[in-house]
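Only one chain is given next, in structure tokens, and it is the form predicted alone.
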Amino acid sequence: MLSRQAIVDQLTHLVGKDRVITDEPVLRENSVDRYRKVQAVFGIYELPLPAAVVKPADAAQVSAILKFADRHGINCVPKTGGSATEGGLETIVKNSIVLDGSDMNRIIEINPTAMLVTAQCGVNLEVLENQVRRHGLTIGHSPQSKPLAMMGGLVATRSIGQFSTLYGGIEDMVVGLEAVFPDGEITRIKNVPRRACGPDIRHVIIGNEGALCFITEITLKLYRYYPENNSFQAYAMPNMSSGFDLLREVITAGYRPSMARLYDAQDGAQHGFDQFAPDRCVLMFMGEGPAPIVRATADGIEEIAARYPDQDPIDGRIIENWFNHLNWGPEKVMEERELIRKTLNTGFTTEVSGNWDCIYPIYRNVLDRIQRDFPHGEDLTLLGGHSSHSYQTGTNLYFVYDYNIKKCPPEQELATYHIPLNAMIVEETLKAGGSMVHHHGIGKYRTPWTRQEHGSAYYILDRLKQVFDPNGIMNKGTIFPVDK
């Protein structure tokens, strides 16, 4: 193993001094992600600091850095926008290299004829969307982290957006990719609509969370943009069971609203839904696309909803106004940090998925277990959930939990609250037959269940790691479980 200074010296030789950052405040911030947001608010950084944050200019520099790291067994943590929430960006190994692709921020081509856009990994999603909209187009990808997130991280974590019921997840949008593997090999998957030339090798790269390779360039599909046709519908439902039933009927009937969300009363109250639907669940839809399709979608949803006598319509304009202010930008992050500092109250989410026949049992079992078994239930200030991404065969569940940490120091917040709550949700989901992660990625805090999640298919995942990262330098502890 090289010394810390030797690592910095070699990185400086490879990419230049101005691309190698060793300032301690920057290193501290880059040792964690938003999983440890409470500790960060109070300036508590307990993990090993990286040796440096390196900002390569292009794929060739990424290749040189990875070859150097692979030769000397140095852990590398790929990063772009830094909006991750599952510990995937934590530097758990001493003297790691944080490989920050945010300077690779060029939009390479917008091709309205082929309906493709190609961008480097450090391009901000909101910037990219604004550029393609000038052509009357959209990417269709709109997570709440849109003002913060960058393309490399979105693809690496199998991100999903708020319009996924129409456009799909990021994996449905990616056409081609460029990535660099630990031995320095630069690979490119070409842009074609479809091909039957063996397994779909895009999916070796999509979702790898920096544990197999570093994504340098992405090509995405484009769609026509019709914002003037957007329509909103919403219904107050008596409970989540009937809400799931109505949601399932809409989706399995073949309607594809761009947004389909179901909030329980507890989660909805934090969004102000209790002002117009007190003690009720709220189911909402957004129609998007050409006007005839939007009208047909709205009419179809209305027809299905009319068969539920226990629902009450909600003015869609209320939902539209709420939805237009839902995204998280830098200002909201700072507001949240200040609120945590003042109130010692914080909140997290754990998102899972399940088929239609097990999703309500997952919802009910998780809430019952937490209310029964969590030893610090009196500190919970919110416990609820919502569904926001639906498919022909099932949907996802976001469990939302807020708690007050006045009874324990910030250093103990994770062990006292976040980790056990997350564990209960994951365990009950897997027990019912669902998936422990819908879109935030495994990170470093759901790895205890990676083998259980994949079952016999873990063989495939494990072999990918052995083949592409035999020296184990890529983001140690992410996806693949390691001994503590």
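None of the values given here were measured: they were computed from a predicted structure. Residue numbers here begin at 1 and follow the sequence given.
Another form exists, predicted in complex with a small molecule; not displayed. Remarks below refer to it.
A.B. asks: Of G81, P182, G268, G140, which one comes within 4.5 Å of the small molecule in the model of the complex, counting heavy atoms only?
C.D. replies: After the contact test, the surviving option is G81.
A.B. asks: Check each of M150, L283, I359, A119 and return the one that places a heavy atom within 4.5 angstroms of the small molecule in the model of the complex.
C.D. replies: For this set of options, the contacting one is M150.
A.B. asks: Mind telling me which stretch in 73-81, 367-375, 339-347, 237-245 gets its heavy atoms within 4.5 Å of the small molecule in the model of the complex?
C.D. replies: Of the stretches listed, the one contacting the partner is 73-81.
A.B. asks: Decide whether Q144 counts as a contact residue for the small molecule in the model of the complex under a heavy atom distance cut-off of 4.5 Å.
C.D. replies: Yes, Q144 sits close enough to the small molecule in the model of the complex that at least one of its heavy atoms falls within 4.5 Å.
A.B. asks: Please check if F214 has a heavy atom lying within 4.5 Å of any heavy atom of the small molecule in the model of the complex.
C.D. replies: Judged by the heavy-atom cut-off of 4.5 Å, F214 is in contact with the small molecule in the model of the complex.
A.B. asks: When the contact criterion is heavy atoms within 4.5 Å, does S164 count as touching the small molecule in the model of the complex?
C.D. replies: Output for S164 is no: heavy atoms all beyond 4.5 Å of the small molecule.
A.B. asks: Contact with the small molecule in the model of the complex for G385, defined as at least one heavy atom pair within 4.5 Å: yes or no?
C.D. replies: No - in the model of the complex, heavy atoms of G385 and the small molecule never come within 4.5 Å of each other.
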